[in-house]
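The data below hold one chain only, encoded as structure tokens and taken in the form predicted alone.
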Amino acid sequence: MQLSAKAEEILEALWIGTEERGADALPFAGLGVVANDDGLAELSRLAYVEVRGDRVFLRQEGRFEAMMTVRRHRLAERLLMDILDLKGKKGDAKACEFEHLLHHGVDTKICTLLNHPTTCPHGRPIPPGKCCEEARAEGSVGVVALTELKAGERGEIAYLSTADAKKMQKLMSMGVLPGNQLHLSRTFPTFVFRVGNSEFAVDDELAREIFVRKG
């Protein structure tokens, strides 16, 4: 059964608050709900959450669905911001709308299209799906920002996420183009990497806009 958009938003907030930020529960105010909220009632009927006073707890029965809701949202962010170039508040708003459409295998198709990214554009982890586990078993670990690589690792440049023409021109002049191989030699104080026979250094901000397929 597919949940309502409101119920999914509550689950997403609960997962982030409890699993990623360490809270044991979230108050009504933190979830943007009231005691008789329809989405909250829907989750309570399914035993996905438990309400105690004005605090909402994520039950074990709801953890998987909450995790998959977060996964769909962050995949939507990757698609809209990286591929469709919708960034900032506009990209965030559209991702919130689009995530509710990624059901019945659509999320798997998008994840595969993006080559199983491990983080969202904001650097937060994307919970892996079965397709990610299968890809890793086959030796394909997905596309990550250059900042996610460790010194000594290498990969194939997948795409550049910057919409800034000057940044794009700078990267292209370095040979940072999709399909080229990149070898990272240092991560501090700058990211130093080699493309072909040339070595370059970029700051953290620019490194976050270079995405590579590890391996």
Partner chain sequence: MSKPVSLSAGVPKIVLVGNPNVGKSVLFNALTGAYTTVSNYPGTSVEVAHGFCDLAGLRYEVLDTPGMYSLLPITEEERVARQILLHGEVHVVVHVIDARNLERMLPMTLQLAEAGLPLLVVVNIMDEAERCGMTIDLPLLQSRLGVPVVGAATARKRGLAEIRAALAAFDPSRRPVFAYASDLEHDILRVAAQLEGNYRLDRRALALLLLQRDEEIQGLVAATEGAHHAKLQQTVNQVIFERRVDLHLRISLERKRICQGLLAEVVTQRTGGRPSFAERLSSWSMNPWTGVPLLLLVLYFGLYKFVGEFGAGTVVGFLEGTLFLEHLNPWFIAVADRFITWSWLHELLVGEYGILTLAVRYAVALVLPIVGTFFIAFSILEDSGYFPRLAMLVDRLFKAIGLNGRAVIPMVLGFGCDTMATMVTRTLETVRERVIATILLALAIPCSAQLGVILALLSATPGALLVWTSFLLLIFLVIGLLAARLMPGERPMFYMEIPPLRLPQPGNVLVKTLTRMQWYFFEIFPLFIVASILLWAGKLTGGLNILVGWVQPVMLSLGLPVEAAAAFIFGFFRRDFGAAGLYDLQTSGLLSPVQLTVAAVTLTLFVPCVAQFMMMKKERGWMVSLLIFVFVTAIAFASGWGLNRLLLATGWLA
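Residue numbers count along the first chain shown, from 1. Basically, rigid core = biggest C-alpha set you can superpose within 1.5 Å across the two forms. Please read these numbers as outputs of a predicted model, since none were measured by experiment.
Omitted from view is the form predicted in complex with the partner chain, to which the following refers.
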| property | result |
| --- | --- |
| Proximity to the partner chain in the predicted complex, single hit among 172, 35, 47, 29 (heavy atom within 4.5 Å) | 172 |
| Site test, 12, 16 and 21 vs the partner chain in the predicted complex, non-hydrogen atom cutoff 4.5 Å | no |
| Partner-facing stretch of 65-73, 51-59, 185-193, 38-46, counted where any non-hydrogen atom is within 4.5 angstroms of the partner chain in the predicted complex | 185-193 |
| Non-hydrogen atom contact residue 154 with the partner chain in the predicted complex at 4.5 angstroms | no |
| Exercise: residue 202 in contact with the partner chain in the predicted complex, heavy atom 4.5 Å | yes |
| Contact label in the predicted complex: residue 166 to the partner chain, heavy atom within 4.5 Å | yes |
| Contact test in the predicted complex: residue 206 vs the partner chain, heavy atoms, 4.5 Å | yes |
| Those residues of 78-96 which, in the predicted complex, come within 4.5 Å of the partner chain by heavy atom | none |
| Rigid core fit then residue 25 CA moved by 2 Å or more between the shown form and the other one | no |
| Core fit, then residue 206 C-alpha moves 2 Å or more between the shown form and the other one | yes |
| Rigid-core frame, C-alpha of residue 183, shift of 2 angstroms or more between the shown form and the other one | yes |
